[in-house]
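Below you'll find only one chain, the form predicted on its own, shown as structure tokens.
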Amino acid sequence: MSAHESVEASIRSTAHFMGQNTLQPLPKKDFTYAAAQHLLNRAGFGGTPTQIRALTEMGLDKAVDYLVDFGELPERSSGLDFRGDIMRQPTREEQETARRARIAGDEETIARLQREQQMRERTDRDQLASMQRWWLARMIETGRPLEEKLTLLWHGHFATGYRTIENSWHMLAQNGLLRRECAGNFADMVRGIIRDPAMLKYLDNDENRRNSPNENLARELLELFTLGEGNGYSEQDIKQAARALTGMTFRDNAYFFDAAQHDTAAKAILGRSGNFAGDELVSIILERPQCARFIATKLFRFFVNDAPQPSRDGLDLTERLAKELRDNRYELRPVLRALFRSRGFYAPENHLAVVKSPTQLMVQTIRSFATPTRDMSALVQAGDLMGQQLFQPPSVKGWDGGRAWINTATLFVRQNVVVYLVTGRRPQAFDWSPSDMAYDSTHLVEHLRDASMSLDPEEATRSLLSFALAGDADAARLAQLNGFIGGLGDTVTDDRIKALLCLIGAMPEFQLC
């Protein structure tokens, strides 16, 4: 069986029918260490055994509130030191200089201006690379993991890519918008995104004028952002929605409404008629039941189970989430609170049922094992090799996610990333990384010491496997580990623990959370 097939088998093996009332709260007595770890993995990026035990002791309600009400927690320094003037528009003086040079055939001046523009473009690309490292570091270090997890979700949902926009500041501004609104009201987020310079540029709405409407933003607003492809709208609705979005553009780094280019005539959209503009368009869309169901499905696949075909209980939970969205007028925080407290979220069929994205894999490995972060540039590059480059989704559809993350090439990189994080050793290297960041892995089993401070090697091996795979240690897997290196032998040492972690990181189950 191939590694890819093993991952598929691991996912399929969790499926079973569990009954209805999937949004009913989990009994508080069932919020065990395993349930707390499941919550921390899904609503964040995992945690150490100590952090999981602390969450368990809070109990279900307080643990969920702690994660969901992240705005009450202090925010660490953002570390932002980026410029918004790199890709600025030429000044009037620069425009006049260029105009005169073209008229006079002044090749030297034209060449100088071109070099200056190319320098700004290189500087902006360098800044984008710094932003990628900044955001990855923020996910690793944050004390508000759900905030970053949601920002990553909406980054893939309202997908824009730097290669099209070519303005790192606009990408950063959109990232900030998604973070501010990530657990707020979905309607506010949509209204923000149709004013976002990065999105306006990416989908050509800066060229959407009343005499020649551009349909790109309107199409994706209906098709990918709110209702779902072919789900309750027509081509005529798209055309009319494009008219409602005319005149919505930007100047420099800020949204600008060009009233002269806005179509003020009556429009007929989704069965409603009137002189609609962007905000009214969003309100009309969110009134459709398809919208709540589409967003509920997005939340379900991201947080609960990304199997191509949801089970009957998966469909039930999705419908209940959609009703919560409608009842709460698209306020996301109450919906997330209900989801993370629900029986359905903790059901066995939803354990190890989401394939870790490359970002989740790296950040969760670091946060759970408490490894050094190593070289951030190397991790950004590894994420790209595994199919997820931050600030550069492959298309307006974002990342497919799920099983699309796994193939023979990406699985090889995934295994090497774990080895690198645990040991500091790079692929194809003959010596340890020049970065000598020490990592003592024994903290992962310290809680198992008895009164005499001794450790039972067999118990330590079982505990490591259960912790790394977020579930009870499988007897066959334990036998494999013991067969490869004799488990932890007679003495639990740092080197043996690291060897076990590297072996576990190569298991198909480790690709799931």
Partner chain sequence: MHDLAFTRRLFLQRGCALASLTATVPYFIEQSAMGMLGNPLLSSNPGVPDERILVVVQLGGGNDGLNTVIPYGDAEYYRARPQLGIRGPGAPVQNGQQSALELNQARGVGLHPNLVGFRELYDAGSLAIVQGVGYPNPNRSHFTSMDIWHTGRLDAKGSGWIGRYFDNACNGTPIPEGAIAIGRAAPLAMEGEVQRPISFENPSMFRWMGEELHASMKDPYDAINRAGVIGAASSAAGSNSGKDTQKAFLMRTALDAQLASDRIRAAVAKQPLVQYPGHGLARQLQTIGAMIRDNMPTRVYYASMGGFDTHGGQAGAHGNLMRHLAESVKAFQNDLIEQRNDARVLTMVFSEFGRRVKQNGSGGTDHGTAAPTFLIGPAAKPGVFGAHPSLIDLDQGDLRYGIDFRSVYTSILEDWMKAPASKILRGDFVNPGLIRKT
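Note that this is a predicted model, so its numbers are computed, not measured. Positions refer to the first chain, counted from 1.
Absent from the display: the form predicted together with the partner chain. The rest refers to it.
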(request) Specify the contacting stretch among 413-421, 177-185, 438-446, 283-291, defined as having any heavy atom within 4.5 Å of the partner chain in the model of the complex. (result) 413-421
(request) Scan A307, A98, A129, A159 and let me know which has any heavy atom within 4.5 Å of the partner chain in the model of the complex. (result) A307
(request) Just give me the single entry in Q381, N328, T297, T142 that has a non-hydrogen atom within 4.5 angstroms of the partner chain in the model of the complex. (result) Q381
(message) Can you tell me if D124 lies within 4.5 angstroms of the partner chain in the model of the complex, counting non-hydrogen atoms only?
(response) no
(message) I'd like to know whether L23 contacts the partner chain in the model of the complex, with contact meaning heavy atoms within 4.5 angstroms.
(response) no
(request) Evaluate E220 for contact with the partner chain in the model of the complex, applying a 4.5 angstroms cut-off between non-hydrogen atoms, and reply yes or no. (result) yes
(request) Although the partner chain is absent from this view, report whether L200 comes within 4.5 Å of it in the model of the complex, heavy atoms only. (result) no
(message) If the criterion is a non-hydrogen atom within 4.5 angstroms, does every one of A404, Q480 and F484 touch the partner chain in the model of the complex?
(response) yes
